[in-house]
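So this first bit is one chain, no partners, the form predicted alone, shown in structure tokens.
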């Protein structure tokens, strides 16, 4: 999330208003007020009229409440306050917000020679091409965007322009439906959130659990915040983790735990798994901490599924450790990732809710908490440099290689890594075919790793630099040196998927 556009500001304003009303017990009676406080009579217009603006806003409120789109927002608020969460996918298209991108997907360029053959006209199944002004012309009202004209032109004079959401999806899971609105094919979608970031109209969003988390806190439950390693500098380069912890406690969270500690557990277990299974049982192994990457393998390369590490993610490891100590704990993961919400749904035994950094920031705004005004307190991490480095691309790979040097110095690791689901898919196919000489692969859906996730607040370049400084300042260097993590593993636990 590098740019704070008008779309981003609008999304955050809705989340902050929902939080504010929920915190002050006004959501049930005043949710309709959001329609007039966020979209004012004299405010900026991005749609044809104020009625359209508010229709879009109703979709956004439903998603913010984690309720089905189209639900009356008063009913949706009541459902959310009762802790109800709608079934279904996390990433959704907001029908009212989708502009149906009136992009001329196929355009005739100046390279058209108005040839005699006119293969474009002959190939068009809808007779949508004609000659006008001494060149081919595409009637957009008739065109069904099949692309036959482009394929048939011997001069390559017809070009294809894709929509932003389509272009952002490496898995080709989003296309324009018959009504030109974006449609997601969930059999292909890894719910990474790339399309959400790409859409200039904010027509793609993800469900939030803001109200459900607030209700759990207001019910005096022990709500634990487990924060991802990518939290460094998310709330400002000068905001320290001690300030974030104080803010979370002020908000009502019971305690803060770092997922970087769970990452140390994962490093140790994944290294042992690699040493035990490669190459005796399988030719290679891939990491498993990125849920969008794992989802991509499941849906697009199922034949590679057996090569994905069985070790749970750092989020799950951390949550299981807390649940083992406090069976009544409500565990809320807070991180940069939308796909973690899907992983949370798949692990209801230990993950109760997932929030993004962006959503937490909106909750702080709704509560009137300003982190820059909070006095910093001494905060000592219980994770190693390895655990913190999971947040950036290459961090997991390096942690396992370093740890193998301690735990299994005789094994040979031939590493490779990729960022972006398209690149991951291609690299994994090459490894599987033997075209790429690697036996350990790190796959990350987001460019830059978790610090480049769709739920982040700061520029990935700044966060990467700040994370590097943070990692280098951490006292414990390697996961095997983290005795607390070693002790937790020795106590026994479910660190692998069944």
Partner chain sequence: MEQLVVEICAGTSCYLLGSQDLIDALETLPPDKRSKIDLRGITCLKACGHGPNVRIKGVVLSNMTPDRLLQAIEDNL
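None of the values given here were measured: they were computed from a predicted structure. Residue numbers count along the first chain shown, from 1.
Keep in mind that the form predicted in complex with its partner chain is not shown, yet the notes after this line are about it.
Shown without its partner, this chain lists 168, 278, 367, 371 as candidates; in the predicted bound form, only 371 has a non-hydrogen atom within 4.5 angstroms of its partner chain. Only one of 234, 191, 271, 318 comes within 4.5 Å of its partner chain in the predicted bound form through a heavy atom, and that residue is 234. The chain is drawn here without its partner chain; in the predicted bound form, the stretch among 434-442, 458-466, 24-32, 50-58 whose residues come within 4.5 Å of it by any heavy atom is 458-466. Taking non-hydrogen atoms only, residue 358 approaches its partner chain to within 4.5 angstroms in the predicted bound form. Among residues of the shown chain, residue 12 is one whose heavy atoms approach its partner chain to within 4.5 Å in the predicted bound form. In the predicted bound form, residue 362 approaches its partner chain with a heavy atom inside 4.5 Å.
Along 150-182, not one residue places a heavy atom within 4.5 Å of its partner chain in the predicted bound form.
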